[in-house]
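Okay, so we've got a single protein chain in two different forms coming up as structure tokens, structure 1 first and structure 2 after it.
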Structure 1
Amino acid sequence: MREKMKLKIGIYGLTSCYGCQLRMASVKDILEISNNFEIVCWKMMSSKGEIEQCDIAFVEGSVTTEKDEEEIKMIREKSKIVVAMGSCAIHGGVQGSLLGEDYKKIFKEVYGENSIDYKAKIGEPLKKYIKVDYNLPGCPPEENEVVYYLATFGMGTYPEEKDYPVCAECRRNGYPCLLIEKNEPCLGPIIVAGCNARCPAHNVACIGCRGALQHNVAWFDSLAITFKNRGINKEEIKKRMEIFCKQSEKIEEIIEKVFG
């Protein structure tokens, strides 16, 4: 009887570095997790299983090829809940920062006049193609976040997404402020928390890998004044923010608001 009550999960990858799946695979209790869920499909880890009916689909990667597009639509159709896992799936990821570039031109730079049998384009987040139910942020997500998401679903409830920035965790830990005390281009004020301010903890300014906060909250204004006062130029900050956040909602607005 118990077997039948296990939630069915599918773990899928579109165009990405496969880091979110690797994060999932290397969760310390992965064997226990695999015993408590029924994994219907996980190509990176298993020779069995295709895209099948399941309760929860975890999808990493951005939609970059026609095949990705077909797959994500099929995954949506067959899954009750879809979780966008990681920066590529939520915001388009690093490859998504090419948005606005002339695709034909860069394709030609790489492949010359040759044509390739498959069609591709600039990577886009899942939400451009399907309805996404939850976001599991990170590049890759933290181990405790992966476990938290699995555990909440397992208990029949749902995970709560964080709506406060890396700065909150950084301050709480009492780390020196890289932005104010060391004049470094730290993106902590606008990036979604959950990493426990990993990078500021070792004196490295936040590069924004978890993506921008989903809501336009007050910190942006404070950041604007701080960056300006510190003399960090617009182009440098823009380029830096765009590594992970180019496709996130409001990013243009944020940058304009920050620098005018």
Structure 2
Amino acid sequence: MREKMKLKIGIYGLTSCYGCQLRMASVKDILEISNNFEIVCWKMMSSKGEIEQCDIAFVEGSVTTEKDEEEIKMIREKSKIVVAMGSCAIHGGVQGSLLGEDYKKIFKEVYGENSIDYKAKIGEPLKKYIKVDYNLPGCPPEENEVVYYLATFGMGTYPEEKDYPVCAECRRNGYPCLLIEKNEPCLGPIIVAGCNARCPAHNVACIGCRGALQHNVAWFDSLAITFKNRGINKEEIKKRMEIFCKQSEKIEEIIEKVFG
């Protein structure tokens, strides 16, 4: 019997902490799952790490150096589908929150007179340089979402991004509302769900690592009233959202919907 053709997958990392690749490597059933794919490149797991022709490329990290830019363009050229994996790849990540700052000044504050081998800049998301087909959110992505994305590709279909907020998962789990009950500037109502409200579960207000909702959902009016009534102002919420998604295309629109 002719063996079924396996999808070829590449797993790449640009400038990042490699946490998204580590998440993928730590998926409970990754060895069994990997039997259904041919992994042609996985930078974290192999010293070879060459960019090869593949069906699907999962890419974490932001474009922060000229080398990153060359790599992501080559990955795009050699991949049928590109998935931006994690907050750095989708929104530029924490390093992207420095957009607008003077890179040389920031570099000197952190590294002094030291130098690096590559010409660098403030980190930017993949979509600034290439067409991205799908986004796998999180910092890092959740295990069940990694499996979901792999499963849909494996079945010949495609993943759908969630269109409801962290707040929905929080209420479904019956956690106390940190915004209403403790007056914390929780971003759960306007951040993409999928983490099962992990931070609120530990009494920590959501800081938006999964990025702002990209759909026109009807949460904004009531949220604006709640924020304002509790003395949480526009600048405080905006500053909090920009930690992870300053470069999100929708951030200004969403902030205006909440406070406008």
Partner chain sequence: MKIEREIRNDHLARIEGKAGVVVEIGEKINARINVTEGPRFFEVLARNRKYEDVPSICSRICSFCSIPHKLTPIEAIENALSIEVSEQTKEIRNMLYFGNVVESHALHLLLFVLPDYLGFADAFSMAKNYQDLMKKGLLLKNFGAMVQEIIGKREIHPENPVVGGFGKLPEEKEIKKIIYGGKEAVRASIELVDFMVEYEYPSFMNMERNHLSIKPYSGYGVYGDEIVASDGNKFKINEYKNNIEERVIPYSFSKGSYYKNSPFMVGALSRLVNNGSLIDGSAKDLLNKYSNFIRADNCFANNFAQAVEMVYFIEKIVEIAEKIKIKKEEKAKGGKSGHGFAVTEAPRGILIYEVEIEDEIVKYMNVITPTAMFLPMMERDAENMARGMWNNGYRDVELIGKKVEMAIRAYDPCISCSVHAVKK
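Between two forms, the rigid core is the largest collection of C-alphas that superpose within 1.5 Å. Everything quoted here is computed from the prediction, not taken from an experiment. For numbering, take structure 1's sequence and count from 1.
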task = Sort out for me whether 1 or 2 is the form predicted alone.
result = 2
key: Rigid core fit then Phe107 CA moved by 2 Å or more between structure 1 and structure 2   = yes
ask   = If you line up the core, does Met155 shift 2 angstroms or more at its C-alpha between structure 1 and structure 2?
value = no
remark   = Shift in angstrom of the Ile116 C-alpha between structure 1 and structure 2, rigid core held fixed, comes out at 4.1
key: Core-aligned CA shift between structure 1 and structure 2 for Ile255 (Å)   = 3.5
